[in-house]
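For reference, the chain that follows is the form predicted on its own, supplied as C-alpha cells.
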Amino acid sequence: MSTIITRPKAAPAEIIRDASMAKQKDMLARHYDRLCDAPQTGEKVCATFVPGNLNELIMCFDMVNNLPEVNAIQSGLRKQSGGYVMESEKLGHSEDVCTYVKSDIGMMAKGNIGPNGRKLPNPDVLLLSYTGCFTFMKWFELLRQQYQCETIMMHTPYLGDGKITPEMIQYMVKQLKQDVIPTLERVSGVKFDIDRLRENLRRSAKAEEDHIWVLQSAQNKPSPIDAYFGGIYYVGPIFGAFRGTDDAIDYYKFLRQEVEERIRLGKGPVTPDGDMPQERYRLVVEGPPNYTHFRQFWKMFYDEGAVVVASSYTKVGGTYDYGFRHDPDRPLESLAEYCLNVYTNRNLPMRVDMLVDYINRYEADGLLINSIKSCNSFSAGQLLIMREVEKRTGKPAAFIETDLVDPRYFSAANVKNRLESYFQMIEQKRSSSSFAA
C-alpha cells in the first residue's frame, strides 16, 4: 500500500501595487458596474475602440463607453482569453486573426461575462473612428451581425504623406456633423450640446498635461516609472472611458504627485515585486505587450535591471508628447486632429522618427521590438524600422515575438534567451565605446 503525501500549495506571491494602481482599479470596477447596470438604469451603451476614442463626444449623449479591446486585455490578464480564442476558432475564425477580436468573439459565445463577473450589455451603437487598423472595420462588421444595432463608421485619413492637411480635418468634421452626431442623437434621445463638448474637452486637456508629465518623467535617472509595463496602467484612464471626466483629472494629479515623490527619493519604478533596486539598462520598446503572461514577461526585464523609458504602445490612444491637446475652442476640429494623430495612423517614417527621438531624448541603450503575431498594424514593417533605427542612432536593436492575448504564442524560454542575448549586446556596445574613447 503506497502512501500519498500531499503538500499545501504555495500561496501566490503578493503583487505590489502603488497607490495610483489601486485608485485606477477602483475606477475601473465602478465603470464596469455602471456598464452592467445599463439595462436597469436605461443608459445607452456605445462600443468603440481605444485609438480614435471619442469619449468626450460619447459623454455628451449620456452614453456608457464599452471598449472591446480593453475587455480582451482584461481577459488576458485574468488568463481567460486562451479559452475564448479557441472558442472563436471553433466557430471558424482563422489562427491568423487578431486575438483581441477572437477573445471578444469567444467571450460573447461564452455568455459575454465581463471582468466583474457580470454579463456585459449589448451595445446600442457601434462607433468606429477608423485609425490605421483595417481589422477594426472587420471586427465591427462581426459585432454588427451579432448585435444588429446601429453602426457608425467614421473614416480617418491615413497619414501616408506624414502630415495633416486642412482638407483632412474638414473631411472628418463633415462626418461628425452629418453622420456621427445625428446618429448618436437618434440612438440616445439626447440633443447634442456643443458647450457640453467644450467642457469635456477642457477637462481632457487638463488631465493630458499631467499624463504627459508622468511619461516624460522617465528622462530622469533612474527613471521613476516603467513606460511600457507600468505605462499600460498610466494610459488606461486617458485612453479609455475616463477622458473628459473629473475622475481623470484627479487620477493624473494623484499619479503625478506619486511620481514626483519617487523622483525626490531617487527611486526607480514600482514592479509587482516592489521597488526596482537598480537601473542597468534603459530601453525603448516598439509594439504591444503580451497580456496572458504579463507579470512573468515584466519580471524578465526588472530582474535584469532593465527599465523601459519610452514606448510606442503608450501612444496608440494619442501622441500627446508631440504637442497635441484637446482644444475646447475648436471642438470638432480637435476631435478630428486627435484621431489623425494616434500612433497607428502614422506612416513608417513617422514611427521611425518617433523611436529615434525617444532613444536620443531618453538616453536609451537601444530599441527592443516585441512583434505581435496577430497584430498587422504594428508588426508590418518592424524589421525595416529596426534596421533604420539602428542605423540612425548607432544603438543596438533586438526582436522578440509574442502575441496579445493568446497564451499559445508566448514562449518564456525563447523570450528570456533573446533578452539575455540583447543585454549582452548592450554590454558589448558599452565596452567597445569605452575602449574607443
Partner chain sequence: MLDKAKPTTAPIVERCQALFSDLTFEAQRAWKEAKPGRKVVGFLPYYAPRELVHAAGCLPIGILGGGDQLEVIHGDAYYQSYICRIPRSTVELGVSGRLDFVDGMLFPSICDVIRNLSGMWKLMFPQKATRYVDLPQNFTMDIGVPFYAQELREVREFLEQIVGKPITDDEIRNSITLFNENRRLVREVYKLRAEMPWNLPSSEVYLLMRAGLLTPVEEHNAMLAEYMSLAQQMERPLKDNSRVVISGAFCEQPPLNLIKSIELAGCYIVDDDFLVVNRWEKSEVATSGDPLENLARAYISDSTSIAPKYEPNPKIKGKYLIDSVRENGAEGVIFAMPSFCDPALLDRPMLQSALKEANIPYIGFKYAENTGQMQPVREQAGTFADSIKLWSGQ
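Residue numbers count along the first chain shown, from 1. Since we're looking at a predicted model, the values are computed, not measured.
Here the subject shifts to the form predicted in complex with its partner chain, a form of this protein not shown in this document.
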Just one of 29 to 37, 388 to 396, 66 to 74, 50 to 58 has residues with a heavy atom within 4.5 Å of its partner chain in the predicted complex, so point it out. 388 to 396
Kindly indicate whether 18, 218 and 272 are, all three, within 4.5 angstroms of its partner chain in the predicted complex, using heavy atoms. no
Given that its partner chain is not shown alongside this chain, does residue 408 nevertheless sit within 4.5 Å of it in the predicted complex, heavy atom to heavy atom? no
Interface membership of residue 151, its partner chain in the predicted complex, 4.5 Å heavy atom rule: yes
Could you confirm whether residue 231 comes within 4.5 Å of its partner chain in the predicted complex, counting heavy atoms only? no
Spell out, yes or no, whether the shortest heavy atom distance between residue 174 and its partner chain in the predicted complex is within 4.5 Å. yes
Its partner chain in the predicted complex has a heavy atom of only one listed residue within 4.5 Å, and of 161, 193, 329, 363 that residue is 161
Just one of 300, 205, 142, 109 has a heavy atom within 4.5 Å of its partner chain in the predicted complex. Which one? 142
Contacts with its partner chain in the predicted complex - residues in 349 to 376 whose heavy atoms fall within 4.5 Å: 349, 351, 352, 371, 372, 373, 376
